[in-house]
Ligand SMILES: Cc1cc2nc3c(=O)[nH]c(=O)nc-3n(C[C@H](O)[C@H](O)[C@H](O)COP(=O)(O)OP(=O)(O)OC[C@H]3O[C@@H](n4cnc5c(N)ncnc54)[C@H](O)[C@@H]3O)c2cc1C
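Presented as structure tokens, the chain that follows is alone, the form predicted on its own.
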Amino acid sequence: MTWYEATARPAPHRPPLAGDLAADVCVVGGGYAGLSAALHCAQAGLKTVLLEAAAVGAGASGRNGGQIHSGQRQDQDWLEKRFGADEARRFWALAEEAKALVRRLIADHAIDCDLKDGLIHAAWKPREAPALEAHAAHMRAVYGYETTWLDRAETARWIASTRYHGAVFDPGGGHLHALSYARGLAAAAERAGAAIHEATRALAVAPAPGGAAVRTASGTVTAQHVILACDTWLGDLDPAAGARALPINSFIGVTAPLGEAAARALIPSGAAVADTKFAVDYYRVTADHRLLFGGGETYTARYPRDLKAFVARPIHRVFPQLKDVAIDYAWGGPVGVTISRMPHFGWNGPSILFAHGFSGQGVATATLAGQLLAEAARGTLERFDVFARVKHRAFPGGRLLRAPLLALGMAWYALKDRL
């Protein structure tokens, strides 16, 4: 059991699909993107059915770090060089809207998910601090986005660790309880009129008269539009799109309760923290005064034998003062990443559309993706197309060699973090 499952707000039983249905929109996937899409479609008056293979939030949306980041997974400097200043501004505007959308949905639907503002982006290596400071200055000068630069001494006051060489405090970032947020979106979608069927795996999706059909073991949903929002499982339904993202196993550990004073001493501001490593450390203090820390990745299907020991290592690198504190929870699972680290949006014919590959930054981005998918299904493409215009390369190697090549490349970059 994850800490999220142990502490989440309860969820109702949602029966599997039984028989054949017709709908305006069929959404496949009960994570943030799919739930947001279902909510926005239902609010627009569309008959909406969502199919989830396991339970709402069973994938990455229910077990991630819960962090809300500003911008895209790639920073604005990279976007400007790759796409030009105008398109980079569109990406920035959508990223700002993504954060606002998360907060608006939480407020509008009274989602109890421990939302807290603030995120610290910390420099792991000395040479990364000047680049981080320069980027903050660029964001202030060009985009009018205000953050606070922290030198090494100030960073040590904001984070009780000597590991960092500077940091940026972003008041527009934040963090939340990942699973409670997902469950809150599901409840909001149902109140708006969407039907959610759990334990209903989509086996195939194909064009059908008037739209497309999703076949399951217990029935078929025929709809004008099908939205595929199943991230690392997209390749089972759309192999061509699925080849543009691959799963990386990310792991999280949660300590035993530290007590309010000791927990606050680790990160006095209460902000979330993410660092500059390729294999990012990301962590925060929870509402029940534990440290939730994501910092281990593997690039094959094999999980570590001793998962608690595996997740403890990065915790102790940053906070050696916690070496005698027990790890109460440890878990992991796949997160979809693309080569460019930008999400992959697109169509498979006129009635099937998808978004996936959120590359570890899905709390805000996937929530917005759901709204954009719903807009596209209703014929409004302008914002969806900002992401759909991004060209994505398939991972090399074909089905047999793709995963081993990924493991080799990722392991090299992870090694560089330690050098």
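So that there is no doubt, residue numbering starts at 1 and follows the sequence shown. Just so we're clear, the structure is a prediction, and the values are computed from it rather than from any experiment.
The protein also exists as the form predicted together with this ligand; that form is not presented, and the subsequent description refers to it.
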Partner-proximal stretch of 151 to 159, 256 to 264, 67 to 75, 343 to 351 relative to this ligand in the predicted bound form, 4.5 angstroms, heavy atom: 67 to 75
Honest question, do Ala53, Gly59 and Gly333 all end up within 4.5 Å of this ligand in the predicted bound form by heavy atom distance? yes
Report whether the minimum heavy atom distance between Ser250 and this ligand in the predicted bound form is within 4.5 Å. yes
With the partner left out here, check for me: in the predicted bound form, does some heavy atom of Ala212 sit within 4.5 Å of this ligand? no
Might Gln361 be said to contact this ligand in the predicted bound form, defining contact as any heavy atom within 4.5 Å? yes
Please tell me whether any heavy atom belonging to Val28 falls inside 4.5 Å of a heavy atom of this ligand, as the geometry stands in the predicted bound form. yes
Tell me, which of Leu237, Ala95, Ala123, Leu105 has a heavy atom within 4.5 angstroms of this ligand in the predicted bound form? Leu237
Which residue among His138, Arg89, Arg163, Arg201 has a heavy atom within 4.5 angstroms of this ligand in the predicted bound form? Arg201
Looking in the predicted bound form, the residues of 207 to 231 with a heavy atom no more than 4.5 Å from this ligand, listed in order, are Ala229, Cys230, Asp231
